[in-house]
Structure formats: structure tokens, C-alpha cells
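Here's a solo chain for you in C-alpha cells, the form predicted alone.
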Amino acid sequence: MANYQQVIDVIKSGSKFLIASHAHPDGDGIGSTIALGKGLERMGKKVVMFNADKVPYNLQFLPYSNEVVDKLGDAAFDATFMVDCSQRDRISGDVAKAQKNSLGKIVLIDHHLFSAAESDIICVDENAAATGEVVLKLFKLIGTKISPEIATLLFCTFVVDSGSFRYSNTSAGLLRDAADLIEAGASPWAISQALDESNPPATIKLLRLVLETFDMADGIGWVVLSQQMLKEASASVDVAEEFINYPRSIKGIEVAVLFRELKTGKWKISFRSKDRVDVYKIAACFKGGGHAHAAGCTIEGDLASIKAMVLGEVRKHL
């Protein structure tokens, strides 16, 4: 499904593009959005970079992050690139509300498995560790020069989605690409410091509340993050991006689950596995998506019922 040539044809034939990723963005979503946008600008294209939510606290160090907008107005585009996201409703905001003809051709650029995609062109490389790796390959095929800023953006996507090059998706190709980005101007130390060592004090307060909910059974470990906890800690949800890794780190736990309250009666469920469980299959049971070792879904209902349903499904896969 990695139709790079079709994407190149769209880029060459158009002049104004919208680039958007999922709401509540992570480093891969934002990094890929801005990197693709700035790469297209280097080709003389007009670009609008969109996200329904503000750039998370720990990603505001990224070059040009202040240029990501949350409103579109009446603009029309030759094509819309959905990066790290296969559905407009996950992007939400003005993109989800926009008339299809104002968005032009919809191009999906991603590395996730998905059950359905709302796009005219699909460029998904399931072997890529991050959507940023797909964007980099696209640039190489086009012959786009990688600036130090674009190198920083793409290197960030690698770090975030490979767990700082620790996860099973860390390939020799990814490391070679990472070396190329360092040579182009990315600083691993500066990026890691910004991502991992620049948290606000509220992070620790929120982590304490979340870890109090920790429980485990049958090779599953889980924690809960509620809206009340966010209020009590005076924290924003973006500081909790890595909280699921705490239960995952415990010996004997094969699958970690984070239940995060989006609003009353609506929960985002994140899954992480170590080796033998394909959590994409679990997420797909609830119309979610992701990868074999990292996936997620959204479910409406009360927490007790959702817990019982989700953990019951996880046990079937252990």
C-alpha cells in the first residue's frame, strides 16, 4: 500500500495543500505534519498545517511548531494529507467538518494498520517504525534536501515511535536513516532532553495519582487516568504520553493497558505488549487500530463495564 509515486504525482500537480494529523497529537503526528509541510514549502508549494489541539508541551521545542493552526476558515486545497491517521473524525475540528470538495484529494501517509481508511490515495508502509520514516522516504524519492530543521522534526518521530530506538520496530534501515538525519543537523541530545527532561512538576503529581490505580492479573497490567486526576494535578494530558510504559515495564506483564477518560462516558484505551500478543487484533475488536505491539481504541460507557470487556478480550489473546 506504499504508493509513493501516486503521492509524488499529487504533489507535482498541486500548488496548495493541507496537512493534518490526529487530535491529541504525539511526536510522530506533529513531527510528520510539520516536516512534510516544510518539505513541500521547499518545493514552492503553499501549505497549511493543522491540528485540532494545541501542540503538546513537550513538543513545542520543534521547529515551526507555532505555525500549526487549529482553524481553517473557508480555504480550499488541491489535496489534503492525513498523516499518522486514517480517518477525518480522528483529526476532528474543522477538517472533520469541511466539505469533501474543499479538501481536494485525500492522501493517507501512515505506518499503522487500520480497518478502514477515508482517503483517495493510500501510502502506508507497515514496515516503517514511524510515519516520519515514510515522509523521509518520500523526500528521498522526490530529491528534497533535508534541512537541519526538517532533520530535527523527523528524528523526533523516530525517537517517539521507536521508544528511543528500543522497540522491536527499530530496524537497521531506521538506524541508517537516523544517522543521515544527524548528519543533516538533528541533535539526539537536544531532542531527548526536550522530550524526556523538560517536564513540568505537574507530571510527577499526575503520575502519582495514576500509579495509585495500578493493578495486574493474568499477565496484564493496567492504570487509569481520569479527568478528575488531571484537574487535581493541574496537568495537561500531553504529559502522560509515556505513563503506559510503567505497567509494561514490570516482569511478568505481557500486555499493558491505559484507560484514559476523554470526557464523561468516553474512554481512550491504549495497549502495549512485549512479545507474543498482537494488540492490534485486540484494538480492532473495538474498531481501533495501531501495530502489533502498540495500539488503541475509543469506547463509550462506564469504566467498570469497559474494564471488564477490555480485559476479558485481552485474556483471550494471552
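The first residue of the shown sequence is 1; numbering continues from there. Only a predicted model underlies this, so the values are computations on that prediction, with no experimental measurement involved.
Another form, the form predicted together with ligand 5GP, is not on view; read the next lines as being about it.
**Student:** Taking ligand 5GP in the model of the complex, would R90, H112 and G289 all count as contacting it (heavy atom within 4.5 Å)?
**Tutor:** Answer is yes for this spot.
**Student:** Taking 4.5 Å between heavy atoms as the contact cutoff, choose which of K281, K274, K268, K54 touches ligand 5GP in the model of the complex.
**Tutor:** After the contact test, the surviving option is K268.
**Student:** So which of 186-194, 167-175, 82-90, 217-225 is the stretch with heavy atoms within 4.5 Å of ligand 5GP in the model of the complex?
**Tutor:** The contacting stretch here is 82-90.
**Student:** Applying a 4.5 Å heavy atom distance criterion, does C297 contact ligand 5GP in the model of the complex?
**Tutor:** Yes, C297 sits close enough to ligand 5GP in the model of the complex that at least one of its heavy atoms falls within 4.5 Å.
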